[in-house]
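A lone chain, given as structure tokens: the form predicted alone.
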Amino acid sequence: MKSSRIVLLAAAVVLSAPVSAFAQSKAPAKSQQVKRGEYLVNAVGCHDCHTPMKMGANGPEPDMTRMLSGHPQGMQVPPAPASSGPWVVHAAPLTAWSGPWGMSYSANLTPDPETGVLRDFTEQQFIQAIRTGKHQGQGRPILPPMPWPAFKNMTDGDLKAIFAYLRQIPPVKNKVPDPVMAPH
């Protein structure tokens, strides 16, 4: 009886070892993907438009307490001056834009379950959105100044890394206004 318990215990240890090793190998891979996503978000300048600016000692700087939360919901933007020529107008804190396309606001990219724009996106929809310039890969156009025509050239691995990173940053509750399309 005692020897059968020892055999069962030894079998349990042997069987759990591969599972444990597998779990350990998956965790670092995810961490590497998230780190790659963080690197890409910083390198391609996502904060420039999606993180509101605040005035710092050396001028405007990203307000990292509202990291990637988009245009502040409490900031009302008056109608933009009439567009003429090649001019594009932006409003402080660099999260609202006006041009021939209409008015666009930087989206809340945080995983907030109520206000984050990516809350209903799958990884595949995120990739399709960047590849096609369409919301969720099939909806309304993604408006300027979002540089999706350049970002669409990223690899699937890069876009998956960005999506993985954005899914785990701190959520910020911030309802961004809907874009206003210019009349045609």
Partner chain sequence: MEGAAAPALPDMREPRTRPRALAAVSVLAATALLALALLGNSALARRPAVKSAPELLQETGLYADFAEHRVDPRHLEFSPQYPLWSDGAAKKRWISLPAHAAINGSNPDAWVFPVGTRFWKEFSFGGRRIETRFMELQEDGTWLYATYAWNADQDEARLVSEKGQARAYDFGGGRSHFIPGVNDCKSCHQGHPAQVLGFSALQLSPARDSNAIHGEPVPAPGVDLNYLVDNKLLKRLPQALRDKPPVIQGATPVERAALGYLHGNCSHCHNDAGSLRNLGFSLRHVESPAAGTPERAMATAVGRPVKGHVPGQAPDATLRVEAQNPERSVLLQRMNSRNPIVQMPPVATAMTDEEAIRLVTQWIRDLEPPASSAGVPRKTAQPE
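Residue numbers count along the first chain shown, from 1. Here the structure is a predicted model, which means the values were calculated and not measured.
What comes next is about the form predicted in complex with the partner chain, which is not displayed.
Colleague: Using a 4.5 Å heavy atom cut-off, which residue among Gln138, Asn42, Ser31, Asn153 comes into contact with the partner chain in the model of the complex?
Modeller: Result of the distance check: Gln138.
Colleague: Against the partner chain in the model of the complex, would Arg36 count as a contact residue? Criterion: heavy atoms within 4.5 Å.
Modeller: Although the partner chain is absent here, Arg36 would stay clear of it in the model of the complex, with no heavy atoms inside 4.5 Å.
Colleague: Examine Thr115 and determine whether its closest non-hydrogen atom to the partner chain in the model of the complex is within 4.5 angstroms.
Modeller: No, Thr115 stays farther than 4.5 Å from the partner chain in the model of the complex.
Colleague: Indicate whether Leu143 is a 4.5 Å heavy atom neighbour of the partner chain in the model of the complex.
Modeller: Contact check for Leu143: yes, within 4.5 Å of the partner chain in the model of the complex.
Colleague: Taking heavy atoms and a 4.5 Å cut-off, does Arg119 contact the partner chain in the model of the complex?
Modeller: Within the cut-off, so yes.
Colleague: Want to guess which of 44-52, 130-138, 155-163, 65-73 is within 4.5 Å of the partner chain in the model of the complex, heavy atoms only?
Modeller: Heavy-atom contact with the partner occurs in 130-138.
Colleague: Of 52-72, which residues get within 4.5 Å of the partner chain in the model of the complex if you count heavy atoms?
Modeller: Residues within 4.5 Å: none in this stretch.
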